[in-house]
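Taking the form predicted on its own, here's one chain by itself in structure tokens.
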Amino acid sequence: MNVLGLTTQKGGAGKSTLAISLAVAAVEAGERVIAIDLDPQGTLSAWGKRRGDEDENLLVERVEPHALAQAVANARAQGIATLAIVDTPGVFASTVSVAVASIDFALIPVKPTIIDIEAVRPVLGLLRTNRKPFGFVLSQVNAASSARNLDAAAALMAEGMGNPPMIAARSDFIDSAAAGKGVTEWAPKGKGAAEIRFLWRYVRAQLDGVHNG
């Protein structure tokens, strides 16, 4: 079972929103997913309650940070999932350190501003210290601000991460989460769904690289 962690130091980067839609997109691609909510705000677990038990291939669990390693071990031993997605708090705290110890790959959502990019440095230091592979995704992107988006991508590329995927700020993400859906279910032919499918393929390739590298 692969373990993907979504982590960032700043709130408002769309971390939980991405966790929700990535979980659904992964199931649609053939994965069995357990989505684990470590965030005290409980956005992911609240979404799971709205969704209900309609999909046996997608479980959502609220887990205390100290119990994460055991929850991952149990899911792996029971064979209930091929992928765990861990949603961490939007702060730099001990909870993030606990999550980093259990993940295979970290996805770092960051908004396309220099303030947000600079704010991820403590998280990067933690991941590098623990020798955990990571990648960025530019989130909450305004499609009309192409120059700013390109500048942000260039700043992230300077960290050696190549060209980061981009996810625009779209109402489909808000509406789908409110309905207990992923964006690929809510508007399967929409631009948001296309972006999430691309992001999932990127994440899948990174996870494959971790185990084959």
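Note that residue numbering follows the sequence shown and begins at 1. In this text, all values refer to a predicted model and were calculated from it rather than measured experimentally.
Not pictured, yet referred to below: the form predicted together with a small molecule.
Comparing 62-70, 48-56, 167-175, 27-35 against the small molecule in the predicted complex, the single stretch with non-hydrogen atoms within 4.5 angstroms of it is 167-175. The small molecule is not shown here, and in the predicted complex it never comes within 4.5 Å of any heavy atom of residue 22. In the predicted complex, the small molecule lies within 4.5 Å of some heavy atom of residue 140. The small molecule is not drawn, but in the predicted complex it has no heavy atom within 4.5 Å of residue 193. Remark: residue 13 counts among the residues lining the small molecule in the predicted complex, judged by a heavy atom distance of 4.5 Å or less.
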